[in-house]
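Next up: a single chain in structure tokens, the form predicted on its own.
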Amino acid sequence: MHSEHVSSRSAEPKGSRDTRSGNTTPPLDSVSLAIIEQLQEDGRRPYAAIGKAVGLSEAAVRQRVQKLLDQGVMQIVAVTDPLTVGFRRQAMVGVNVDGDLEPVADALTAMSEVEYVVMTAGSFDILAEIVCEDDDHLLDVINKRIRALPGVRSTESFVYLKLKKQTYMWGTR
């Protein structure tokens, strides 16, 4: 799974306020969307090949990609299978909070073991994905760090037994 992928933040209507980052993103044109889709298929695809596919020069693609990166519209990262790089325990932790969710979400975001934080509607106020070296490490993160955060009322952990699908190929809208 050690391939590079593009994570696109285009789930909101184009030009809308991205409540996940607090930024207002400008509308994306069809060429920028096509570039994102090309990179979602292969994050290492050469700019010349992308340019050929979308009708731009290599230099124009390079400029567009840099602008998309600078605006926080996408990231280009190496996506790994945590088991192959020394992390043997993953879990999703549901967190219920008394009061304002933002300080708890911010504290979770600052933890190096936490890979994903989302504020939700439903049974949990916040979901946090945690990647740890082993069960002792996971217990330490949940028991001594997450549960100790001011405002945390309760947690429920969902330990991953096997990862069946992980993809970032949802395209654009």
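Start at 1 with the first residue shown and count on from there. This structure is a prediction, so every number in the text was calculated from the model and none was measured.
Although it is not shown, the form predicted together with another copy of the chain is what the next lines describe.
In the predicted complex, at least one heavy atom of Asp81 sits within 4.5 Å of another copy of the chain. Within 4.5 Å of any heavy atom of another copy of the chain in the predicted complex lies no heavy atom of Ser154. Another copy of the chain in the predicted complex is not approached by Ser57, whose heavy atoms all lie more than 4.5 angstroms from it. Remark: Val97 does not count among the residues lining another copy of the chain in the predicted complex, judged by a heavy atom distance of 4.5 Å or less. Contact with another copy of the chain in the predicted complex, defined as a heavy atom within 4.5 Å, holds for exactly one of Met111, Leu139, Ala53, Val31, namely Met111.
Although another copy of the chain is not shown here, in the predicted complex the stretch 140 to 161 places heavy atoms of Glu156, Ser157, Phe158, Val159, Tyr160, Leu161 within 4.5 Å of it, in sequence order.
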